[in-house]
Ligand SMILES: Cc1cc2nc3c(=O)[nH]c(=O)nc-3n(C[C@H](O)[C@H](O)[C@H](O)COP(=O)(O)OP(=O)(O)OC[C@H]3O[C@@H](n4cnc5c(N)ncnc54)[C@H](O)[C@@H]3O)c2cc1C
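Presented below, as structure tokens, is a lone chain in the form predicted on its own.
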């Protein structure tokens, strides 16, 4: 697709006094790459700087401006002392050397959203709100003089950013954190000058904007606002418009329109179930209400970003995880290489998932994330002939990396289609980005010294392996078939075959509520089938990241999928499935029974090739998530 197709996205633009190369802004996302004291490390600087070419402006994750009244979680960035300046200076210099611009996000704190509750130091908030996760804990309302101290700390933090050469500052006002708690009546029940009217509830934010501008004269200031909390009693877009007007009057330069809250966390990190452009519904409302620029975000595609800017719905495209997946997102658009953008599959596995357990940011589809300095694909000292068995995610990534390092690669796949289990698993519309990964690998390999042999099953003595200097085995898994009477009946279909077009009746029972069975059930119910999922455990998709599971369960309920947890399949018969649960045996009528009992590693070839020094990667070692397979494939090829 020619670069002119994205001329509005790629247009150079000014933000206040700052000249930006395009209208793409990398929105703030935490990295957990800072040092023990919360300061920038060389690793974190390298990660951010890698994205300088892919965005006009890159925003860092949140940085605390004070620990006066709240414990700062270990790993959270902080700009509360001059010790932060050297790291900030390195960050600014790295961007300026690449012709890019960087913004630092500053936060007043987490308040009712804080992870670590210190009984000696209660969470702070606008009012005595309950902690979002533990309602037995009540927050301590900030005193007026304490609010003034926090505002002063913003000024001091802004001064440090300006001194270090940072180009812009973003204020963290979304997702129900402390500033947002002041903005919203659901959390702000104050009767002083910081509560009551919209103007009073915005006073804290307005004073912060003024303080930042005083501390860093000339630097553009943005504000990330959750315009729709997505829970009953939370703020709506119509209410947020009035807040946005107050922020503009306070001197704001850019509004980042965002959605979600901890009560609706899937909107904070929208998984693949939410689809493309899931937060664009109200962006135009804010563009029409304000005279300052407006940014839209939320699983944005390049096409929707272009059309929205062209139509005057917004001024900037906010890109988050897609720039983690491919740091050259905008650069590839500018070069007319839209199809070469590595898709973000919106799995949240190694980005959000890592952050939630205090681990450094990673990426399911981009194994160089957080390792930008170490995982540079330089030519191998000795080019080799590499044989890769299996064209699933691990095998395809191994082939790409090996070829980029100068090796000659042959990929052998017994099926007639690249992708392995990804191909059938990605049939639902909500998983289209996962299928896009297969097309992406196919395009990358086409320009590399890689030969793909489809319909070729490899055994330990296959002549195709003769002469190979290295063998990588990535043959995936095989389905588990428990010894259940009738499971071999004519009305039973394995879940992979069901995805691939097997004849399916209207009434279905899916035996197994893991992610494979749960996603298949949702897909079929949305297509008009009547689906029941039987799962022995107390819940479905137990290994799915909590954020993604929120949406999955909601979508199941809205689509009408019947979930029968705590039940064990005891027999499949011509009429359907007999299960046993807390209330005894139950017969469930079904035209088709789908076997989704899980998988186990396909180890036969791995074991047979051990003597030849073959390296096994992906699910044939241990069934895991797609990101684990891709990262394992990268590592195996990188080590050649």
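Numbering follows the first chain given and starts at 1. Owing to the predicted nature of the structure, the values given are computational and were not obtained by experimental measurement.
This protein has a second form, the form predicted in complex with this ligand, left out of what is shown; the following refers to that one.
Checking 79, 391, 104, 108 against this ligand in the predicted complex, a heavy atom within 4.5 Å turns up for just one residue: 391. Listed residues 616, 15, 626, 9 were compared with this ligand in the predicted complex; 626 is the one with a heavy atom within 4.5 Å. Using a 4.5 Å cutoff between non-hydrogen atoms, residue 236 does not count as a contact of this ligand in the predicted complex. Although the partner is absent here, residue 406 lies well away from this ligand in the predicted complex, with no heavy atom inside 4.5 Å. Contact check for residue 457: a non-hydrogen atom falls within 4.5 Å of this ligand in the predicted complex. Although the partner is absent here, residue 226 lies well away from this ligand in the predicted complex, with no heavy atom inside 4.5 Å. Within 4.5 Å of this ligand in the predicted complex, a heavy atom is found for all three of 272, 425 and 605. Residues within 4.5 angstroms of this ligand in the predicted complex, judged by any non-hydrogen atom, belong to 429 to 437 and to none of the other stretches in 120 to 128, 148 to 156, 371 to 379, 429 to 437.
Although this ligand is not shown here, in the predicted complex the stretch 411 to 446 places heavy atoms of 412, 413, 414, 415, 419, 420, 421, 422, 425, 431, 434 within 4.5 Å of it, in sequence order.
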